[in-house]
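Shown below, as structure tokens, is a lone chain in the form predicted alone; questions about how it binds or moves come after it.
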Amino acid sequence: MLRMAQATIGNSEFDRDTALTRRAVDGDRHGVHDVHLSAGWVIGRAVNGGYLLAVLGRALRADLPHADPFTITAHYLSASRPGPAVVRTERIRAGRGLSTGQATLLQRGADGTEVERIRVLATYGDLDRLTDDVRTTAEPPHLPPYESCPGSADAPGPVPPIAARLDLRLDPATAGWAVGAPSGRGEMRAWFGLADGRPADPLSLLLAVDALPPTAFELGLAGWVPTVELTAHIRHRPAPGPLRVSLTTRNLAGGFLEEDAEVWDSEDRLVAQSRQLAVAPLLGG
């Protein structure tokens, strides 16, 4: 199974690379944070969208009275690059059980002006106060044993920098694209963890929903699949142990596709869901 845990929550590469330095606070509603976007979370030339979602999720956690993201919707406005960035937050509402805020991440463009990269609107609460009442028809994905699933070390060619930070093992049934034999189905499934053994928490779940290779690869399409919008729901604090992630695309039309993600923990609980709209690569691109 997965390697023994080495890193801990708060002391891991993920935590260091999403760390923020508070620059200013404007009353009790606005915050400004500096962050350095690490090149270790890059795919192609752009920073991974799930990593960015975790950065903004951490900023909102610092500036809202509740600690856990319940729902967060991100619009990706321009491609983020490794290097310095600024996160600005605004508290919109603070209630007894839920609080809502928005955040935006900006970087300097080539001409020196600020360029907005991503904007999110989120509602936070306390996952430990959720009831135990569960009524669902959802079922966890069936994956071969971890040891039977190929990882980045088994890839036939070069892998992006983010692959070294993840312990990602793909279901062989959804990895045909890696050897030039895509299944033609819009599916992707994998065991998921962080390479240094850091346990999963609500912030890392924001990474998990956007960390797998895109379903477009199994549809026989190659190239960048930039996210336009992504909404994630965090449903439960994950239990210790590996996560299972499944992605499904049912509709590719007009040059766009959707990806529905489910994240399941070691106790067969659905701990996160997401849907994103992304630009589909051109056939044979």
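Counting begins at 1, following the sequence as shown. This one's a predicted model, so the numbers in the text were calculated from it and none came from an experiment.
Beyond what is shown, the protein has a form predicted together with another copy of the chain; the following relates to that form.
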Revision key, fill the gap. The listed residue (159, 98, 173, 86) that reaches within 4.5 Å of another copy of the chain in the predicted bound form by any heavy atom is 98
Study note, to complete from the structure: In this chain shown alone, the residue from 67, 32, 252, 239 with a heavy atom within 4.5 Å of another copy of the chain in the predicted bound form is 252
Review point. Does any heavy atom of residue 256 come within 4.5 Å of a heavy atom of another copy of the chain in the predicted bound form?
Key: yes
**Study point:** Residue contact check: residue 222 to another copy of the chain in the predicted bound form, 4.5 Å heavy atom
**Key:** no
Review point. Heavy atoms within 4.5 Å of another copy of the chain in the predicted bound form: does residue 23 have any?
Key: no
Point to revise | Proximity of residue 113 to another copy of the chain in the predicted bound form, heavy atoms at 4.5 Å | key: no
**Study point:** Heavy atom contact within 4.5 Å of another copy of the chain in the predicted bound form, the stretch among 150-158, 200-208, 165-173, 134-142
**Key:** 134-142
Review point. Quick check: do 39, 43 and 80 each get a heavy atom within 4.5 Å of another copy of the chain in the predicted bound form?
Key: no
Check your understanding: Who in 216-232 is close to another copy of the chain in the predicted bound form, meaning a heavy atom within 4.5 Å?
Key -> 219, 221, 228, 229, 231
